[in-house]
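Next up is one chain by itself, shown in structure tokens, the form predicted on its own.
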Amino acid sequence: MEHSRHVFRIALVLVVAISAFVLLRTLFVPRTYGDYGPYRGGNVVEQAHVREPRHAGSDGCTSCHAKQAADRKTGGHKAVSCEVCHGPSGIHVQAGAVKGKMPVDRSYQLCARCHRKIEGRPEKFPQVVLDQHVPAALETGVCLQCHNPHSPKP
């Protein structure tokens, strides 16, 4: 009988600790936490109001760059957004006016991100072993010597 008092005390301490944990978690963890994984869901809406979106997608580029858009639509990069290679459109255009020069990544590393030969990629996907494919030294612009980036077939 004497030991049952110790068990009761331990059970009471555990119940109080768990209740305190649940209460504190309810008070300090925002309601929208976990809506989008381990993030506070309300932050998505807050950031949309605080920061102007910088990405417009490929459709935002086609109004001014029709030739490149047509090349891209018929070429092998039709599924690739313009902003993958050129960066966010907010650097170039804001509120319909040209704000600055658009950065262009001409490095072979950009092309290699998708086209370097990796065993896990589908066989139909165009892959190259860079050392065998490029006769010259790997340097900036080496892919662009033979390939149009908007329609990359040589």
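In this text, residue numbers run from 1 along the sequence as written. Quantities reported herein were computed from a predicted structural model and do not represent experimental measurements.
There is also a form predicted together with a small molecule; it is not shown, and the following applies to it.
- Contact check for T32: no non-hydrogen atom falls within 4.5 Å of the small molecule in the predicted complex.
- When the small molecule is considered in the predicted complex, R40 lies well away from it, no heavy atom lying within 4.5 Å.
- Within this chain, G96 lines the site of the small molecule in the predicted complex, having a heavy atom no more than 4.5 Å away.
- Contact check for H133: a non-hydrogen atom falls within 4.5 Å of the small molecule in the predicted complex.
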